[in-house]
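This document starts with one chain, in the form predicted alone, laid out as structure tokens.
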Amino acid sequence: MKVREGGSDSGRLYAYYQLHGTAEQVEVIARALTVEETIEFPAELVTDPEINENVIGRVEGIEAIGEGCHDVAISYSVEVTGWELPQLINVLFGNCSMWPGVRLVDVSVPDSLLQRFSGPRFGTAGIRELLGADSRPLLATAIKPMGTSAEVFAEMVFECAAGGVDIIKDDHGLANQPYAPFSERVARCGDAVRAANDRYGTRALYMPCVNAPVDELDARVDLALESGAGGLLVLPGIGGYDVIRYLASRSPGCVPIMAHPSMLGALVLDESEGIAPGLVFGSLPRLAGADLSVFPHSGGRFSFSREDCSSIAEHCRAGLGSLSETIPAPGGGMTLEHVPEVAAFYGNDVAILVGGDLHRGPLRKSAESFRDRLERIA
């Protein structure tokens, strides 16, 4: 069988791995995976036929794809996930994340499990409606640098919104530092985005970073929403993907959520191990409920390939039950000169993130140039 053609059994979760070694070694590793990711117990000691049949995973196929490299399909009973996102991730790549030469490359999630997830609450259509942007690529930026005062950050937000930037997020490193404490920063920036929108007829969203201690998370989110935040920036590599799911499900006060890639790079950079970029920055944040997913575009200051970026965008958009799409938000050292190429690569359903380069000139003028470039492309 072609190992990536599985997944028809609605009661089975299919995980596709790349394993390295000889055919004999790979078969042994694959069998060990089925046990390690489920019962983590000597299989020969299991006497309960129900556990052997329906709890331990199954090797569904092994196919050589190159010298010393094999595609392996393993299916798991959907019940082992407990119908929860943290356990789903644990089953797919928990203990085996500590094994050399194992890479999770794709997943086929049955409808019976997909139905347990709400996915993005806004998605592409909802974000466009909020911003009043029918079809063009979206503009995103981050307020920088750390060490700046809350007052100056608010001035940045005002100028970016006035210049036509759609999404103005905190830089991912902004938390509760004394230079710009969270409460002051979100209050000032919330006021600034409202003032710009009212004065210039824009509909910009300000998204503060809620990378917070878990016991502070709710309080910071409540404060952000009370201050007029139009969305939230979340770091799933630090807080966990389930933080996105939790915040997306909060009611009242549901706002768009943008996922940031901080600390996730270690999962994807070694092509012989870890997890494929399409899952890390596409499928997983989408399952969790991220409306936008930030990742480095090829050609910036990070080493992602064009194939990586294409795969991420595909996983953000491809059919996934009834879940809405997640908008890809490529960034990572993008400049205004990159804008036409990035828009051509991803198409119009993209949020192009340009950060530091906007500050090379007067901020509002740079923002207007950013908007003009996209208006001419759309």
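The structure displayed is predicted, hence computed values, not measured ones. Note that residue numbering begins at 1 and tracks the sequence as displayed.
What comes next is about the form predicted together with another copy of the chain, which does not appear here.
In the predicted bound form, another copy of the chain sits within 4.5 Å of a heavy atom of W99. For the chain shown alone, G228 is not a contact residue for another copy of the chain in the predicted bound form, no non-hydrogen atom being within 4.5 angstroms. At the 4.5 Å threshold, heavy atoms of G253 stay clear of another copy of the chain in the predicted bound form, well away from it.
In the predicted bound form, R194 stays away from another copy of the chain, with no heavy atom inside 4.5 Å. Listed stretches are 106 to 114, 125 to 133, 195 to 203, 138 to 146; the contact stretch with another copy of the chain in the predicted bound form is 138 to 146, by a heavy atom cutoff of 4.5 Å. Only one of T335, S311, S324, T38 lies close to another copy of the chain in the predicted bound form, with a heavy atom inside 4.5 Å, and it is T38. For the partner-free chain shown, H260, P261, S262, M263, L264, G265, A266, L267, L269, D270, E273, G274, I275 of 257 to 275 come within 4.5 angstroms of another copy of the chain in the predicted bound form, judged by any non-hydrogen atom.
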